[in-house]
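Next up is one chain by itself, shown in C-alpha coordinates, the form predicted on its own.
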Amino acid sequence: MKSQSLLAAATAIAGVIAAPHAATAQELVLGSFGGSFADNVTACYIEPFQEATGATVITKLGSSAQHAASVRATAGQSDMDVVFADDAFAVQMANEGLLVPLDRSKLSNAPEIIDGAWGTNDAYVAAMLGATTIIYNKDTVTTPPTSWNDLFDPKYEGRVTIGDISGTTGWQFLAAVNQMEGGTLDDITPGVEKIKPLAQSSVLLYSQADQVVALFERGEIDIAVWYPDRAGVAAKNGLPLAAAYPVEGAVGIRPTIAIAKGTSQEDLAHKFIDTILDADNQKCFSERQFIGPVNKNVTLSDEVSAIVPTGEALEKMLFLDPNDMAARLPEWTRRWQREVLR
(Lines give C-alpha, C1' and ligand atoms only; values in the text may rest on other atoms or scores of the structure.)
Protein backbone atom coordinates (compact mmCIF):
# COMPACT_ATOMS: atom_id res chain seq x y z
CA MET A 1 0.00 0.00 0.00
CA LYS A 2 2.80 2.27 0.93
CA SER A 3 4.56 1.56 -2.37
CA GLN A 4 1.33 2.35 -4.30
CA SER A 5 1.10 5.68 -2.49
CA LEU A 6 4.68 6.48 -3.31
CA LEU A 7 4.03 5.56 -6.97
CA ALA A 8 0.95 7.78 -7.04
CA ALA A 9 2.90 10.63 -5.49
CA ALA A 10 5.75 10.17 -7.95
CA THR A 11 3.28 10.19 -10.85
CA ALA A 12 1.68 13.37 -9.55
CA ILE A 13 5.08 15.05 -9.19
CA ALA A 14 6.03 13.94 -12.69
CA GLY A 15 2.79 15.45 -13.95
CA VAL A 16 3.59 18.75 -12.27
CA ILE A 17 7.07 18.73 -13.74
CA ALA A 18 5.77 17.75 -17.18
CA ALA A 19 3.14 20.47 -17.29
CA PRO A 20 5.48 23.36 -18.20
CA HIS A 21 7.05 21.17 -20.91
CA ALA A 22 3.61 20.52 -22.39
CA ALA A 23 3.03 24.27 -22.59
CA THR A 24 6.39 24.73 -24.30
CA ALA A 25 5.43 22.00 -26.77
CA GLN A 26 2.71 24.29 -28.12
CA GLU A 27 5.26 26.80 -29.35
CA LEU A 28 6.21 26.71 -33.01
CA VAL A 29 9.36 28.47 -34.21
CA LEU A 30 9.05 29.84 -37.75
CA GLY A 31 11.96 30.97 -39.91
CA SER A 32 10.48 33.89 -41.86
CA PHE A 33 11.61 36.74 -44.08
CA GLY A 34 11.49 40.24 -42.61
CA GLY A 35 9.78 43.52 -43.44
CA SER A 36 6.26 43.56 -44.88
CA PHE A 37 6.53 39.82 -45.51
CA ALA A 38 6.76 39.12 -41.78
CA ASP A 39 3.93 41.55 -40.99
CA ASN A 40 1.61 39.90 -43.48
CA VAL A 41 2.59 36.37 -42.46
CA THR A 42 1.51 37.34 -38.97
CA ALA A 43 -1.81 38.82 -40.09
CA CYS A 44 -2.81 36.12 -42.58
CA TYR A 45 -1.22 32.93 -41.27
CA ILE A 46 0.04 33.18 -37.70
CA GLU A 47 -2.99 34.86 -36.14
CA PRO A 48 -5.55 32.40 -37.65
CA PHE A 49 -3.30 29.49 -36.71
CA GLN A 50 -2.88 30.65 -33.13
CA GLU A 51 -6.60 31.26 -32.80
CA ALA A 52 -7.44 27.79 -34.15
CA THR A 53 -4.84 25.81 -32.21
CA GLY A 54 -4.02 27.84 -29.10
CA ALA A 55 -0.34 27.44 -29.98
CA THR A 56 2.14 30.30 -30.07
CA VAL A 57 4.33 31.04 -33.09
CA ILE A 58 7.74 32.60 -32.54
CA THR A 59 9.40 34.05 -35.64
CA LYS A 60 13.08 34.08 -36.48
CA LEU A 61 13.82 36.53 -39.30
CA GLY A 62 16.42 36.10 -42.02
CA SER A 63 17.01 35.52 -45.73
CA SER A 64 16.76 32.16 -47.51
CA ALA A 65 20.53 31.79 -47.37
CA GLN A 66 20.61 32.59 -43.66
CA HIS A 67 17.81 30.14 -42.86
CA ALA A 68 19.48 27.38 -44.91
CA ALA A 69 22.81 28.06 -43.21
CA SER A 70 21.17 27.95 -39.79
CA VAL A 71 19.42 24.64 -40.49
CA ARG A 72 22.66 23.22 -41.91
CA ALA A 73 24.76 24.41 -38.96
CA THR A 74 22.55 22.61 -36.47
CA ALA A 75 22.91 19.35 -38.41
CA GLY A 76 19.34 18.16 -38.24
CA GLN A 77 18.60 19.61 -34.81
CA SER A 78 17.34 22.98 -36.01
CA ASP A 79 16.01 25.55 -33.59
CA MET A 80 13.29 26.24 -36.17
CA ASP A 81 10.30 23.94 -36.69
CA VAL A 82 9.05 25.44 -39.95
CA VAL A 83 11.03 27.56 -42.37
CA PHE A 84 10.41 29.77 -45.40
CA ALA A 85 13.11 29.59 -48.10
CA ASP A 86 13.18 30.13 -51.84
CA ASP A 87 13.10 26.87 -53.75
CA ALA A 88 16.79 26.59 -54.64
CA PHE A 89 17.66 26.77 -50.94
CA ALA A 90 14.85 24.36 -50.05
CA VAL A 91 16.31 21.88 -52.53
CA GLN A 92 19.74 22.25 -50.95
CA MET A 93 18.30 21.46 -47.52
CA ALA A 94 16.27 18.55 -48.89
CA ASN A 95 19.29 17.07 -50.67
CA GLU A 96 21.24 17.26 -47.43
CA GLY A 97 18.52 15.40 -45.53
CA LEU A 98 17.63 18.41 -43.39
CA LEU A 99 13.88 18.48 -44.08
CA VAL A 100 10.97 16.31 -42.95
CA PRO A 101 8.91 15.19 -45.99
CA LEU A 102 5.39 16.60 -45.93
CA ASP A 103 2.52 14.18 -45.31
CA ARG A 104 -0.28 15.28 -47.64
CA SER A 105 -2.79 13.24 -45.62
CA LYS A 106 -2.27 15.84 -42.86
CA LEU A 107 -2.83 18.75 -45.25
CA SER A 108 -6.55 19.15 -45.93
CA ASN A 109 -5.86 21.88 -48.51
CA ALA A 110 -3.35 19.83 -50.52
CA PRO A 111 -5.84 18.93 -53.32
CA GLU A 112 -6.35 22.66 -54.03
CA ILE A 113 -2.65 23.39 -54.59
CA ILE A 114 -1.18 23.69 -58.10
CA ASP A 115 0.86 20.66 -59.19
CA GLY A 116 4.15 22.50 -59.70
CA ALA A 117 4.23 23.72 -56.12
CA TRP A 118 5.41 20.43 -54.60
CA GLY A 119 9.07 19.60 -54.19
CA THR A 120 10.54 16.21 -55.04
CA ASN A 121 9.11 13.59 -52.67
CA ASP A 122 7.08 16.41 -51.10
CA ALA A 123 10.17 17.72 -49.30
CA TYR A 124 8.53 21.16 -49.34
CA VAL A 125 5.68 23.06 -50.95
CA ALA A 126 5.74 26.46 -52.62
CA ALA A 127 3.66 28.86 -50.54
CA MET A 128 3.37 31.63 -53.17
CA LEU A 129 4.61 32.75 -56.59
CA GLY A 130 6.83 35.81 -56.93
CA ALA A 131 9.39 37.28 -59.30
CA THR A 132 12.68 39.08 -59.63
CA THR A 133 12.13 42.02 -61.95
CA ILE A 134 12.73 45.77 -62.38
CA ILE A 135 11.24 48.25 -59.90
CA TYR A 136 11.44 51.97 -60.56
CA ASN A 137 10.44 55.34 -59.14
CA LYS A 138 7.63 56.71 -61.33
CA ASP A 139 8.47 60.30 -60.35
CA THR A 140 12.08 60.14 -61.55
CA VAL A 141 11.89 57.51 -64.29
CA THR A 142 9.41 58.94 -66.76
CA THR A 143 9.89 56.26 -69.42
CA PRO A 144 9.19 52.83 -67.94
CA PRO A 145 12.07 50.38 -68.47
CA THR A 146 11.38 47.52 -70.85
CA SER A 147 14.61 45.51 -70.76
CA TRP A 148 17.25 44.32 -68.29
CA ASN A 149 19.58 46.44 -70.44
CA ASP A 150 17.90 49.61 -69.16
CA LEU A 151 19.61 49.08 -65.79
CA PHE A 152 22.94 49.60 -67.54
CA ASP A 153 21.97 52.96 -69.06
CA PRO A 154 24.62 55.53 -68.02
CA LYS A 155 21.89 57.93 -66.90
CA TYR A 156 21.22 55.62 -63.94
CA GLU A 157 24.86 55.28 -62.89
CA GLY A 158 25.05 55.63 -59.13
CA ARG A 159 21.24 55.48 -58.88
CA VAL A 160 20.79 51.70 -59.00
CA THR A 161 20.75 48.90 -56.46
CA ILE A 162 20.99 45.19 -57.17
CA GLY A 163 21.05 42.22 -54.83
CA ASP A 164 24.16 40.42 -53.67
CA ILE A 165 24.40 36.84 -54.88
CA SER A 166 23.71 35.62 -51.33
CA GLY A 167 20.10 36.66 -51.92
CA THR A 168 17.61 35.38 -54.47
CA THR A 169 17.53 38.51 -56.64
CA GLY A 170 21.33 38.45 -56.90
CA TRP A 171 21.77 35.05 -58.53
CA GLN A 172 18.51 35.33 -60.47
CA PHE A 173 19.60 38.66 -61.98
CA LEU A 174 22.91 37.06 -62.92
CA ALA A 175 21.06 34.19 -64.60
CA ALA A 176 18.79 36.56 -66.52
CA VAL A 177 21.58 38.89 -67.70
CA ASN A 178 23.79 35.95 -68.59
CA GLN A 179 21.03 34.52 -70.78
CA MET A 180 20.45 37.94 -72.36
CA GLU A 181 24.17 38.17 -73.17
CA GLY A 182 24.25 34.76 -74.81
CA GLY A 183 25.67 32.77 -71.91
CA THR A 184 24.49 29.42 -70.67
CA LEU A 185 24.06 27.96 -67.21
CA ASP A 186 27.35 26.14 -67.82
CA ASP A 187 29.11 29.37 -68.77
CA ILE A 188 28.16 32.49 -66.82
CA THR A 189 31.15 34.52 -68.00
CA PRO A 190 29.01 36.83 -70.20
CA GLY A 191 26.76 37.62 -67.25
CA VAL A 192 29.61 38.17 -64.82
CA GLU A 193 31.40 40.51 -67.22
CA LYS A 194 28.20 42.48 -67.93
CA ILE A 195 27.25 42.90 -64.27
CA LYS A 196 30.70 43.68 -62.89
CA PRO A 197 30.72 47.45 -63.62
CA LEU A 198 27.06 47.79 -62.60
CA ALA A 199 27.77 46.13 -59.26
CA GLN A 200 30.71 48.44 -58.66
CA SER A 201 28.63 51.56 -59.32
CA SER A 202 25.53 50.39 -57.46
CA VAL A 203 24.52 52.29 -54.37
CA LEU A 204 24.31 49.02 -52.47
CA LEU A 205 24.53 45.29 -53.12
CA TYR A 206 21.73 44.56 -50.73
CA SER A 207 21.42 41.32 -48.80
CA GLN A 208 18.01 41.92 -47.19
CA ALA A 209 15.00 42.79 -49.35
CA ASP A 210 13.66 45.47 -47.01
CA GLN A 211 16.92 47.46 -47.36
CA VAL A 212 15.62 48.61 -50.76
CA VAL A 213 12.61 50.36 -49.22
CA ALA A 214 14.89 52.71 -47.29
CA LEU A 215 16.92 53.49 -50.42
CA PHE A 216 13.79 54.51 -52.32
CA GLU A 217 12.45 56.45 -49.30
CA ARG A 218 15.67 58.46 -48.99
CA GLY A 219 15.71 59.14 -52.73
CA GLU A 220 19.09 57.43 -53.14
CA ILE A 221 18.02 55.27 -56.08
CA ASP A 222 15.74 55.50 -59.10
CA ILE A 223 15.69 51.89 -60.16
CA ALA A 224 16.32 48.47 -58.64
CA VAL A 225 16.35 44.75 -59.27
CA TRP A 226 13.77 43.77 -56.70
CA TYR A 227 10.52 42.02 -55.94
CA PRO A 228 7.14 43.29 -57.26
CA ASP A 229 5.43 42.14 -54.07
CA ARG A 230 7.66 44.32 -51.90
CA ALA A 231 7.19 47.19 -54.35
CA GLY A 232 3.43 46.75 -54.26
CA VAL A 233 3.37 47.01 -50.47
CA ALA A 234 5.66 50.05 -50.54
CA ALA A 235 3.47 51.70 -53.21
CA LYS A 236 0.39 51.11 -51.10
CA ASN A 237 2.22 52.88 -48.28
CA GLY A 238 2.89 55.91 -50.45
CA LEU A 239 6.10 55.34 -52.38
CA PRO A 240 5.74 56.10 -56.14
CA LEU A 241 6.94 52.69 -57.29
CA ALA A 242 5.99 50.54 -60.26
CA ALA A 243 7.05 47.15 -61.57
CA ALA A 244 8.36 46.61 -65.10
CA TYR A 245 8.66 43.15 -66.62
CA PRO A 246 11.58 43.01 -69.11
CA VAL A 247 11.00 41.73 -72.62
CA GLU A 248 13.65 39.08 -72.02
CA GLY A 249 11.55 37.74 -69.15
CA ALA A 250 11.59 38.26 -65.40
CA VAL A 251 12.71 35.36 -63.20
CA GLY A 252 10.11 33.35 -61.33
CA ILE A 253 10.39 32.73 -57.60
CA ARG A 254 8.73 30.00 -55.61
CA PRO A 255 9.13 30.82 -51.90
CA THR A 256 8.58 27.53 -50.11
CA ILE A 257 7.59 26.36 -46.66
CA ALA A 258 9.13 23.24 -45.14
CA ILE A 259 9.55 21.37 -41.86
CA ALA A 260 13.08 21.33 -40.45
CA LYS A 261 14.50 17.96 -39.44
CA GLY A 262 14.80 17.53 -35.70
CA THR A 263 11.55 19.25 -34.81
CA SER A 264 9.44 17.67 -32.11
CA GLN A 265 6.41 19.47 -33.56
CA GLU A 266 5.71 17.61 -36.79
CA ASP A 267 1.93 17.50 -36.35
CA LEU A 268 1.75 21.15 -35.30
CA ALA A 269 4.04 22.08 -38.18
CA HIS A 270 1.70 20.32 -40.63
CA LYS A 271 -1.23 22.26 -39.18
CA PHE A 272 0.63 25.51 -39.69
CA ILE A 273 1.48 24.64 -43.29
CA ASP A 274 -2.15 23.66 -43.88
CA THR A 275 -3.11 27.10 -42.57
CA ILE A 276 -0.77 28.65 -45.14
CA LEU A 277 -2.34 26.62 -47.96
CA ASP A 278 -5.92 27.56 -47.06
CA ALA A 279 -7.64 29.57 -49.84
CA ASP A 280 -8.92 32.37 -47.59
CA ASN A 281 -5.54 32.78 -45.91
CA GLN A 282 -3.76 32.66 -49.28
CA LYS A 283 -6.02 35.40 -50.62
CA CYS A 284 -5.37 37.47 -47.51
CA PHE A 285 -1.61 37.18 -47.99
CA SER A 286 -1.68 37.76 -51.75
CA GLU A 287 -3.81 40.90 -51.39
CA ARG A 288 -1.57 42.32 -48.66
CA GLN A 289 1.78 41.21 -50.08
CA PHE A 290 1.02 41.60 -53.81
CA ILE A 291 2.18 38.10 -54.60
CA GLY A 292 0.67 35.16 -56.48
CA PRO A 293 -1.18 32.39 -54.61
CA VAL A 294 -0.66 28.63 -55.08
CA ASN A 295 -4.21 27.67 -54.11
CA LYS A 296 -6.23 27.29 -57.33
CA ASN A 297 -9.38 28.67 -55.72
CA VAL A 298 -8.02 32.17 -55.03
CA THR A 299 -9.22 35.11 -57.16
CA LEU A 300 -7.19 38.32 -56.92
CA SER A 301 -8.37 41.94 -57.07
CA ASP A 302 -7.53 44.14 -60.08
CA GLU A 303 -5.09 46.16 -57.92
CA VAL A 304 -3.00 43.10 -57.09
CA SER A 305 -3.29 41.63 -60.56
CA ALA A 306 -1.63 44.80 -61.93
CA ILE A 307 1.55 44.03 -59.93
CA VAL A 308 1.59 40.24 -60.03
CA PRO A 309 3.00 38.86 -63.30
CA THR A 310 0.18 37.76 -65.57
CA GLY A 311 -0.41 37.15 -69.26
CA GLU A 312 2.61 37.69 -71.52
CA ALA A 313 4.87 38.62 -68.58
CA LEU A 314 4.06 35.32 -66.91
CA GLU A 315 4.50 33.36 -70.13
CA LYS A 316 7.97 34.86 -70.65
CA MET A 317 9.06 34.31 -67.07
CA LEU A 318 12.19 32.26 -66.60
CA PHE A 319 11.73 29.45 -64.07
CA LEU A 320 15.07 27.88 -63.20
CA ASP A 321 15.24 24.27 -62.03
CA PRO A 322 15.83 24.52 -58.27
CA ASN A 323 17.71 21.20 -58.20
CA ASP A 324 20.02 22.42 -60.93
CA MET A 325 20.52 25.81 -59.30
CA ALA A 326 21.19 24.29 -55.90
CA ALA A 327 24.14 22.47 -57.46
CA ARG A 328 25.40 25.52 -59.36
CA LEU A 329 25.08 28.23 -56.71
CA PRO A 330 28.25 27.42 -54.72
CA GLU A 331 30.44 27.92 -57.81
CA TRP A 332 28.43 30.98 -58.94
CA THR A 333 28.95 32.45 -55.49
CA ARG A 334 32.71 31.85 -55.61
CA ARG A 335 32.95 33.54 -59.02
CA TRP A 336 30.84 36.46 -57.82
CA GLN A 337 33.04 36.97 -54.77
CA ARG A 338 36.23 36.58 -56.80
CA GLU A 339 35.32 38.63 -59.89
CA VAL A 340 32.36 40.91 -59.19
CA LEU A 341 33.23 42.12 -55.72
CA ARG A 342 36.84 42.99 -56.60
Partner chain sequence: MKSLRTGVLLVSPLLLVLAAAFVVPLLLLVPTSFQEYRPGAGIATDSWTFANYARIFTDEFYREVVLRTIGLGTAVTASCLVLGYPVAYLIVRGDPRWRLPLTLLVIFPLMLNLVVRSFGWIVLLTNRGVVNNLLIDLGLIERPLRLMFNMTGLMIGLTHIYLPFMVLMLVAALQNVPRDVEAAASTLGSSRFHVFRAVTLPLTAPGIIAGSILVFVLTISALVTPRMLGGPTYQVMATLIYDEYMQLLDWPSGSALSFALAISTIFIIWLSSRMTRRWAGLA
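Because the structure is a prediction, the values reported are computed rather than measured. Numbering follows the first chain given and starts at 1.
Although it is not shown, the form predicted together with the partner chain is what the next lines describe.
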Task: Complete contact of 96, 220 and 330 with the partner chain in the predicted bound form (any heavy atom, 4.5 Å) - done: yes
- Query: Just to confirm, residue 157 within 4.5 Å of the partner chain in the predicted bound form by heavy atoms?
  - Reply: yes
#### Entry: Partner proximity in the predicted bound form: residue 279 to the partner chain, non-hydrogen atom cutoff 4.5 Å
no
_Quick check on residue 72: any heavy atom within 4.5 Å of the partner chain in the predicted bound form?_
yes
- Query: Is residue 65 a contact residue for the partner chain in the predicted bound form, using a 4.5 Å heavy atom cut-off?
  - Reply: yes
For the partner chain in the predicted bound form, the stretch among 236 to 244, 222 to 230, 113 to 121, 163 to 171 with residues bearing a heavy atom within 4.5 Å is 163 to 171
Answer key: of 109, 202, 179, 265, within 4.5 Å of the partner chain in the predicted bound form (heavy atoms) is 202
Partner-free chain; cross-checking the partner chain in the predicted bound form, the single residue of 136, 84, 272, 89 with a heavy atom within 4.5 Å is 89
